[in-house]
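A single chain comes next, written as structure tokens; it is the form predicted on its own.
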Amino acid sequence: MELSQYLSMFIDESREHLQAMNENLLSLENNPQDISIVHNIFRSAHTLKGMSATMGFEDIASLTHEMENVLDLVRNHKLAMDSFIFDCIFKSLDSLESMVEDIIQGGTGKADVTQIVASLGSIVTGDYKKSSADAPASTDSNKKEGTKGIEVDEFQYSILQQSIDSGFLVFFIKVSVREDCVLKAARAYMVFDALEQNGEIVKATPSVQDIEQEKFDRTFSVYYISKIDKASLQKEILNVSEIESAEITTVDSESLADMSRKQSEVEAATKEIAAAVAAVAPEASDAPAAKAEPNASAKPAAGGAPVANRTIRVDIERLDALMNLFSELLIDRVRLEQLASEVKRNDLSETVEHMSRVSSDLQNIVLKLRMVPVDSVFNRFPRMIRDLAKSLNKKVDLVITGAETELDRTVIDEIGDPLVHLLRNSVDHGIESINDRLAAGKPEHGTVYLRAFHSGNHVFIEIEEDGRGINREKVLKTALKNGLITQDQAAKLSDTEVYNLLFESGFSTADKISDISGRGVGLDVVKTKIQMLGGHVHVESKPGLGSKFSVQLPLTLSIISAMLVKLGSEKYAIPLSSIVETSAIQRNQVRNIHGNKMIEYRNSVIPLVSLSTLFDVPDFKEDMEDETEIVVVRKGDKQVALMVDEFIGQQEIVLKTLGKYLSGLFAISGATILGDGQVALIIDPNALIK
């Protein structure tokens, strides 16, 4: 059987099962007595094990097998969940995700999971409770922990033993590079170089080849023979930049013997897993052996996970091509409609009308194909917030609303990283510590709200927390210190302008730069990324009450309904989704308030914007008319009236970007080609409403 044809299916389904396990595990943590959740996690793990065994990814199969053993005890009421078990299973899921990611990158999905497997094994035997009780007892336990499960072959074992007998120092070194390290392989090379100047590396995990190709997460381990002492060795390693830690354990004969025993256990476990894997295929399907393997993955998936069998997966590039072809078709349709209206032949008009109806239905289908709920991005955040809160010793609730809001697939793929940064920033710098919250009269649980909603031709994503808020004076002080503004400018800046300084490159008000986030460290990257997507980000804050980051994103690559208007000889399109009403006003209805034109509109007073002035239209001025047509547009609960020359009518238009040379034009989100071949600029009403 050619397995490569099933690889993309395996990857997609693995991701779904891992996501389901993460979500269910979070639910279980909040409700540990609900055994039905354990059943769900068990089914996902079992399915993943069968799929990976069938595809030949035995490390994934081995790890999920160990997870199954633990979950089996829990679902049969033989074991109660506790924080150690939760952490261990969460770490297992992290490792599984790394292995699946390795497969996506073209790797083999292999990873050193012996430590996690050993931890899961200790849960099954109950030894983990004893070891946690004995943990501070002696350094010997640490030594054994450091060498636990390290695989060395007979030859390497012999070299290590002879080195110990000859009086050399043998170390097991576990090196971690910093999370933000850009060139991990280069840093690992520098560590290896430093080590080889003072001794000999016997064994590296992962292999040297994998490390050179950066196929490791953040840590790597080596067995090392040297004559220099442990402290000097640690100093040598930590001298390399971006190395976070170097745990060094001295290996003696006893450790080696223990290691040898562990190796035997690993081999025995491998045999057991192989037997279990072999048993998966027959139980998964009654079909002949040659055809049983694909069914082995299909059957459990259909039975235990939300994998719909009435869907197919399509390459996004094919959808892009379909979208481009359809947008060309739409321009031709509009042209045909215009010609039919000019020719005035009934048979032609009827044909064009029928074609319009069919293409409208087709358009809806094509658009829906590309739209993906933001839930696909949001669903990874509960786990991230949980881990962050735990590592910072804070209590944080994440409230997600509007996860069903749909966004173009290309935007979905890009928006994840900026949101991760904003959320980490909110938890790290926004939410106070438990003591600070209690001292401020707040509940000890901080709350981070993550909202998504449509408004006009845009999607808004908001990240709001009820933390301490941004310190305005501190931001100003830092901006003055960095020379971003002058003293005179500082006195005139509004709160919003001050907070926007946070998005300046390299700006930070953090007293201590943490490895989680720094308010300012990286916010410029967030802003740049969102601007690349054609969006905007702005921040609001109230001292002591919290901050809100609001990200505005366009529905790119889409076809929208728009109102075409004329301004003299120029034509413009206003997205229909932003329009509240069209109307006409007399000149005497316009009021001047503090130099701004305003009109009364439905028991309120709203601003009146002159588009001809804004876009410098040469052959049209509203001031020359006694009666002016207006288009009332909205953004959230704010409204503005736009003055136009003439309404042309409603039309489906294809959004075309203006290219990099015309990017960033104020209040223009793109252009479209009309049926007569003329280009009309598309107005961005959200930019006109502050």
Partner chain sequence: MIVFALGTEEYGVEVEKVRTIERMQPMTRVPKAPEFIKGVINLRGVVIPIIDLRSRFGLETQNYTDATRIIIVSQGDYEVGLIVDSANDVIDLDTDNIDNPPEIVGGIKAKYLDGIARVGGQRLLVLLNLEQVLDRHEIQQLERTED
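Numbering follows the first chain given and starts at 1. For clarity, every value in this text was computed on a predicted model and none was experimentally measured. Whichever C-alpha set is largest while still superposing within 1.5 Å between the two forms counts as the rigid core.
Keep in mind that the form predicted together with the partner chain is missing from the display, and what follows is about it.
- Contact annotation: P618 falls within 4.5 Å of the partner chain in the model of the complex, judged by heavy atom distances.
- In the model of the complex, the partner chain sits within 4.5 Å of a heavy atom of L681.
- Shown alone here, D180 lies farther than 4.5 Å from the partner chain in the model of the complex, counting heavy atoms only.
- In the model of the complex, at least one heavy atom of N324 sits within 4.5 Å of a heavy atom of the partner chain.
- Each of Y572, S663 and I673 is positioned with at least one heavy atom within 4.5 Å of the partner chain in the model of the complex.
- The listed set E328, D375, D229, D413 contains one residue whose heavy atoms approach the partner chain in the model of the complex to within 4.5 Å, identified as E328.
- Out of the listed residues S36, T657, Q650, N69, T657 is the one that sits within 4.5 Å of the partner chain in the model of the complex by at least one heavy atom.
- Screening 111 to 119, 388 to 396, 609 to 617, 577 to 585 for residues having heavy atoms within 4.5 Å of the partner chain in the model of the complex returns a single hit, 609 to 617.
- Taking a 4.5 Å heavy atom cutoff to the partner chain in the model of the complex, none of the residues in 49 to 69 make contact.
- Once both forms are fitted on their core, the CA shift for I104 between the shown form and the other one remains under 2 Å.
- With a cut-off of 2 Å and the rigid core superposed, H39 has a Cα displacement that falls short of the cut-off between the shown form and the other one.
- If you fit the rigid core between the shown form and the other one, you'll see the Cα of L655 move by 2 angstroms or more.
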